[in-house]
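Coming up is one lone chain in structure tokens, specifically the form predicted alone.
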Amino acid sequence: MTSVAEQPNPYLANFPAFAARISGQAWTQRLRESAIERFAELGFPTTRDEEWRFTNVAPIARAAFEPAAYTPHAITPEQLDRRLFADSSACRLVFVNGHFAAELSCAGKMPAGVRTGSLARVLAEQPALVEPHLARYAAFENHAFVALNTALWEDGGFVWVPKGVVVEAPIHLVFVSTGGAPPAVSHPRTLIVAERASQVTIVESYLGPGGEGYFTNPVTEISTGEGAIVDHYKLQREGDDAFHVGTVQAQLGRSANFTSHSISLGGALVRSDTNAVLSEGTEVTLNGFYLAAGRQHVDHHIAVDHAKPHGASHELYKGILDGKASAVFNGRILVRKDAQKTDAKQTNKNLVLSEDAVINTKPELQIYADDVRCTHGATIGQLDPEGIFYLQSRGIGKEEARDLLTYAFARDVIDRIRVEPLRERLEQVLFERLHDHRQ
């Protein structure tokens, strides 16, 4: 493979003009410059890099993506409502090609003190809210795509929940790509801060048109205070020819409870990183589900850092692959020397429906403490012929039996979704995809 480092890099060439155009604080300008310099040093990863061994990003590196233009009228509110999974009556912040679209957004009813909206606007109006957190958790030193986002982001979501406040309704962040020619790239940046003893549910949705070769490179940073509860969902439904490389980084306070659900249904080449750093007594649950067919490639990398004692983490990722699809699961649990009494469990299960589908799974444990309980495991299999025969013996057709067993495999993860409209819509989409498979 030709090294992507040898390819011309338009991101570096266009950065001076971008930096001159974008407004910001002196510290954000320095941050952007540091990030683009680091990106120049790293270059795009290749399959020679261990963390990218099974994911070839050469199609992204070689494509001549242009910065996505703000085109809010490319999608109507009615079209948006039909494509959304979560409840549209809740607070909804919509971003079109990485830019906040006020005319498509609705504030909903928020408790006093809760701040939601455009990250760029909050940075301009109240930089003291942003500076202690922005780029403090998602490190760009060893991740080229995070460095690229840190250098080139223009806007994204901002959610601030004050101490002791409980937000009952989900806050929905919707990132829409419109596609078009030439192929476009956006770098949405989201910052979520839940202060001590607060509680909030966040849904991130990424969607775009089919048949369009655009690129979305989002980074989400989540910070929780002591005893905070955050229920987070990331739903990736990019177009069939789209590229998506996203990172979710959670920095969790003492005795906090953080749950994240990563659902991947679209995209041609997808990489989703979910990372969490735990404090003392923190509890983390990371669930994921990916459904890939055709020639889709989906890569999930998970890193859980038990930095303090008495932490607990539970991970369950399930994938269904068909056609010539390929998937990667890499889950790493790090238990540091002082993180005694850690309880960690990691499970990855994959259902392969085609002889041409490929899954590479690599669960990892790095344990430096001696008083812990840690387990991990991975399985790859096909549908049980005896289970299909049993259902057929009860009068169910063979294809319907296959669909029921496939749905039952996915149901374990879907049932853990607490946002009812999202859960119900995912069930519907799964049945539709299974039905299309039979056609």
Partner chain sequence: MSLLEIRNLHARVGGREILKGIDLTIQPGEVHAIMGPNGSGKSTLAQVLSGRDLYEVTGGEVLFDGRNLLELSPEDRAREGIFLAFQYPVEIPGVSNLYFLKAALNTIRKHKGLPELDAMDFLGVVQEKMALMEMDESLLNRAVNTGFSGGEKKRNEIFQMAVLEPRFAILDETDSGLDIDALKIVANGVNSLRSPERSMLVVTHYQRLLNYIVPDFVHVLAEGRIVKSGDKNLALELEETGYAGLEEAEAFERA
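Positions refer to the first chain, counted from 1. It should be emphasised that the depicted structure is a prediction, and the values quoted were computed from it without experimental measurement.
Not on display, but discussed next: the form predicted in complex with its partner chain.
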Q) Does the 4.5 Å heavy atom contact test between R394 and its partner chain in the predicted complex come out positive? A) yes
(Q) I'd like to know if Y390 sits close to its partner chain in the predicted complex, meaning any non-hydrogen atom pair within 4.5 angstroms. (A) yes
(Q) Using a 4.5 angstroms cut-off on non-hydrogen atoms, would A63 count as touching its partner chain in the predicted complex? (A) no
Q) Is there a heavy atom of E50 no more than 4.5 Å from a heavy atom of its partner chain in the predicted complex? A) no
(Q) Give me the residue from A69, L31, L383, L404 that has a heavy atom within 4.5 Å of its partner chain in the predicted complex. (A) L404
Q: Report the stretch among 33-41, 407-415, 51-59, 375-383 that approaches its partner chain in the predicted complex to within 4.5 Å, counting heavy atoms only.
A: 407-415
